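One chain is shown next in structure tokens, namely the form predicted on its own.
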């Protein structure tokens, strides 16, 4: 049975695609100039702010990152920075000018509708159970139990699991990353696992290629993290060191009771977070690696399928993209906005009016 907790430790990895929820066929033309999209060499004012006060990793994600961080970065790195650091955006605003960085009511409504579709999918096969957590070890034990729920379900012959956490250090990057997969599909006859990522749309039309590319990147990163667990590349020491957990500390009473309720035959009386982690790391190695995935686009209002996008995972391409993103988090390069062919994205960005990247590229075009 699916586990959750009262503190809602989903780390904002909501899997709700705000960019695909707009009708891209009705985009207004943008007066956007570009003179190439080379990596910024710390020339932007926002990059100077970062270099003075610490790298993005140090400032915003000192312990671990979430998959959504990298997906947003893939969409527009400049936008991600502004979301993480509103003060970087305000550097471009003249004194006395009133600026709102709040999301529009329409954008919030779109996200809520998307969340409703995801919840309905989840409730088709599992009912969330609230488990009280007290310590950070409790919170992570719940995440590990959610993975074990998937493992036990597939072992019993179930073919679908939803809202499945994954974690690890992709491509040896040194960054601990956490995410939640929308759906895993298991074929017990072939012993194969595939990913299905659900994206909801306000529009009833399929998304642009750049949208599909972003979604494919997300699926690929999920698959890589799942496969690292299968390969045994995620270790107890890795988790303990990155998350600063005390793994041998007994879990709180609420977690203990829930474990025993779900596992009547267990002989242990007291469990630790490390016990749950060890079981999950061992059991995951019984699966095979994911090689295929599908992105499904669903219309929010009618909840009918718009289209599906099957994909074969390209590990080398994913590695190159991911490691290039890691350079920014480490402070090894400056921030990069969208290229000219993707300037339509700015129509839906709340930071477009005072975006430094747009202003700089427009100025460059005049020289």
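Residue numbers count along the first chain shown, from 1. Bear in mind that the values here come from a model prediction, so they are computed numbers and not experimental data.
There is another form of this protein, the form predicted in complex with the DNA, and it is not shown here; the text below is about that form.
The candidate spot formed by 67, 118 and 222 is fully in contact with the DNA in the predicted complex: every one of the three has a heavy atom within 4.5 Å.
With the partner left out here, the DNA still marks one of 253 to 261, 102 to 110, 186 to 194, 233 to 241 in the predicted complex; by a 4.5 Å heavy atom cut-off that stretch is 102 to 110. Exactly one listed residue, out of 198, 281, 151, 88, brings a non-hydrogen atom to within 4.5 Å of the DNA in the predicted complex: 198. At a distance threshold of 4.5 angstroms between non-hydrogen atoms, residue 180 is in contact with the DNA in the predicted complex. Remark: residue 114 counts among the residues lining the DNA in the predicted complex, judged by a heavy atom distance of 4.5 Å or less. At a distance threshold of 4.5 angstroms between non-hydrogen atoms, residue 203 is in contact with the DNA in the predicted complex.
Under a 4.5 angstroms non-hydrogen atom cutoff, the DNA in the predicted complex has residue 79 among its neighbouring residues.
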